[in-house]
Ligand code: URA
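A lone chain, given as structure tokens: the form predicted on its own.
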Amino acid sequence: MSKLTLDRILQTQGFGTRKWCRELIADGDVSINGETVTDYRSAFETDGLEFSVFDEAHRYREHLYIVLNKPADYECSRKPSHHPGVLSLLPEQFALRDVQPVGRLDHDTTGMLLMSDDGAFIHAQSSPRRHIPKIYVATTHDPVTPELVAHLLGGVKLHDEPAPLAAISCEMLGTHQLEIVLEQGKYHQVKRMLAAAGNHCSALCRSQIGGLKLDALGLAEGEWCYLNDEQLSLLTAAHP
């Protein structure tokens, strides 16, 4: 556990500069356990600390681990160019905490997107050495055939890749839909693999990372939630 002054607590949680946080406190806009605190030098244990800013409740978090159900036409970039960035779907203070996407989804790809301000977590989740499976549901332009599934499982050769890339598993979900499990996380990998196998991806959704399923979180598109310890542990679970 650690004990911090109130201005430092607000600053670490993304509410602005130390000076701005002191002004918030002096103006009576911050409360602890329902009581307004106006002395920025007041110190509190951060473990489990709950506080309010402008009557909105918050809990102190050393790091943020969240999952967003990404809608289409949002870019996974802190400096988007053609579409709004995914950070615009989150509270403003998250950007001040340097929250960033863990990996990227194309602007037209939907589904599970992890985001954090913990550099070690981001690196671990992004590292190909961890072999974390990611599950996608792809809608295809042409019908899904057993030959297509076999081709994706057997491996397809992509431009600029030294060896063929194969799906960990692949199964048909409907006449124009399949579930594909990958570990590599190459650029546009699902779309490029489908194209190399003779089909075309018309829609793509990431439905699961490790053992954590998007459906189990109950998030509508554009919604997000914090991840608890149990959910974080599921992220490294192998695909059955």
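The model shown is predicted, which means the values in this text are computed figures rather than measured ones. A residue's number is simply how far along the shown sequence it sits, counting from 1.
As for the form predicted together with uracil, it is not shown, yet the points below apply to it.
**Q** What I'd like checked is whether 105, 190 and 204 together line uracil in the predicted complex, meaning each has a non-hydrogen atom within 4.5 Å of it.
**A** Yes.
**Q** Find out whether any non-hydrogen atom of residue 109 is located within 4.5 angstroms of uracil in the predicted complex, and reply yes or no.
**A** Residue-level check for residue 109: yes, a contact with uracil.
**Q** Quick one: is residue 74 in contact with uracil in the predicted complex, heavy atoms, 4.5 Å cut-off?
**A** So residue 74 does not count as contacting uracil.
**Q** Taking the partner as it appears in the predicted complex, which of 182 to 190, 28 to 36, 167 to 175, 59 to 67 has residues with heavy atoms within 4.5 Å of uracil?
**A** Within 4.5 Å of the partner lies stretch 182 to 190.
**Q** Where, within 125 to 150, is there a heavy atom within 4.5 Å of uracil in the predicted complex? Residue list please.
**A** Contacts from 125 to 150: just 136.
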